[in-house]
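In C-alpha cells, the next block holds one chain alone, the form predicted on its own.
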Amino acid sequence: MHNDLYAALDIGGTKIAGALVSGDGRILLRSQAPTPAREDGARVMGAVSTVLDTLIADPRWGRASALGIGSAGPVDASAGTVSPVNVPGWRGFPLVERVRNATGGLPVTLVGDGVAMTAAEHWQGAARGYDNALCMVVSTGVGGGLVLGGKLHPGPTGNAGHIGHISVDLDGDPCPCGGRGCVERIASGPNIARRALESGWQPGPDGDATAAAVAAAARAGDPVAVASYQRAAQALAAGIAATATLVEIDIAVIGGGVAGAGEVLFAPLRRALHDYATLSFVQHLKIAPALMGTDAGLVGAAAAASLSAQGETAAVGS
C-alpha cells in the first residue's frame, strides 16, 4: 500500500474537501470549496466537480488507483447514493455514479463520515493496533463507526456504528431522526448548550452560547455547565457500554468539537462508563481522544478506498 496513491473526498454541510493521499496516509494535495448547502443538487455537484478538477489537474493524478468518499449521512453505499440531512438538495443523489463519470471510471468507495473517521483513526490514529474499536465524532451531531476483527465494518449501506441514534433515554426528548432519547439528542454540542441555557446558564459578555463556551464555564466551576457536560457524558457512556456489550470492543475513540472540551467531558465519561460497563468482558474498555483531527475525513476516505481495493470491506459503491 505504501507505493499507492488514492483520491479522497470529504463531503460536509459546510465544505467539500478533496485530497490526493499517499499509501502511508500523507496528504499530498488538498482542494476545497464551500458547500452550497441551500442550493439545488446540481449546484452542490458543481462544487464537488470544482474540487475534483483541482485533483485531476495535478500530474500525480494518473497514479491514483481508487477514490474514497466520506459523506455526511445518511448514505447508501449499496446504491451509491447520499442524502445528507444538512444538504436538502441531495436526496438519494447518485454521487458515486457522478464522481465515477467525472474521473474517467475510477473505482469509487462510499462510506458515511463516521466510518471514514474510524478508518483514519484505525489506520493512523488512536485506534491503531486495536482489532475491535468504536470511533465517534461528537460535534453538531454524533456519528461513529466500527472496527471488528481488525477490519473496518461499515455494514451494507456504509452506516454501521452510527451510535448517535442509539436510544439511551426511553422516555426522552424526541430526536429529529424520529426516535426518542438518542445519544445525539443529549450529547451533541448544540444540545449541551441548549440544556445549559434551559437550566439557567448565562453566556458571558461576548454572548457566546456554544458548547465550547459551556465547557469554559464548566472549567471555571459553573455548576449548571458542569451538569450539562455530565449529562452528555452519561449518554455517551450508556451508548458506548451498549455497543461494547453487543460487539466486544476494546477501545472507544472520541473526536469532534465536543471532545475538545478535554477533561470536562472525559472525566465524567470515564466515571459514567464505570457505572454502565459492568460485565466482565467490557470492564477493561479504554477511552481515548481522537488523534487525526480535521484530516480524519480525507485520510479515512482514502483508507476506505484502499481497503475496498484489497477486498477488506464491503462498502463499495462502485
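In case it trips you up, residue 1 is the first one in the sequence shown, and so on. Note that this is a predicted model, so its numbers are computed, not measured.
As for the form predicted together with a further copy of the same chain, it is not shown, yet the points below apply to it.
- Three-residue candidate spot Leu9, Ser22 and Ala102; no residue lies within 4.5 angstroms of a further copy of the same chain in the predicted bound form by any non-hydrogen atom.
- a further copy of the same chain in the predicted bound form comes within 4.5 Å of a heavy atom belonging to His162.
- Residue contact check for Ala220: none of its heavy atoms lie within 4.5 Å of a further copy of the same chain in the predicted bound form.
- At the 4.5 Å threshold, heavy atoms of Ala216 stay clear of a further copy of the same chain in the predicted bound form, well away from it.
- Heavy atoms of Thr243 reach within 4.5 Å of a further copy of the same chain in the predicted bound form, making it an interface residue.
- Comment: a further copy of the same chain is not present in this chain, but in the predicted bound form one of Gly179, Pro88, Pro203, Pro190 has a heavy atom within 4.5 Å of it, namely Gly179.
- Site annotation in the predicted bound form: the residue of Gln32, Thr278, Ser65, Ser49 reaching within 4.5 Å of a further copy of the same chain with a heavy atom is Thr278.
- In short, of 32-40, 260-268, 56-64, 280-288 it is 280-288 that has heavy atoms within 4.5 Å of a further copy of the same chain in the predicted bound form.
- Contacts with a further copy of the same chain in the predicted bound form, taken as any heavy atom within 4.5 Å, map within 145-182 to Leu146, Leu148, His153, Pro154, Gly155, Pro156, Thr157, Gly158, Asn159, Ala160, Gly161, His162, Ile163, His165, Ile166, Ser167, Val168, Asp169, Leu170, Asp171, Cys177, Gly178, Gly179, Arg180.
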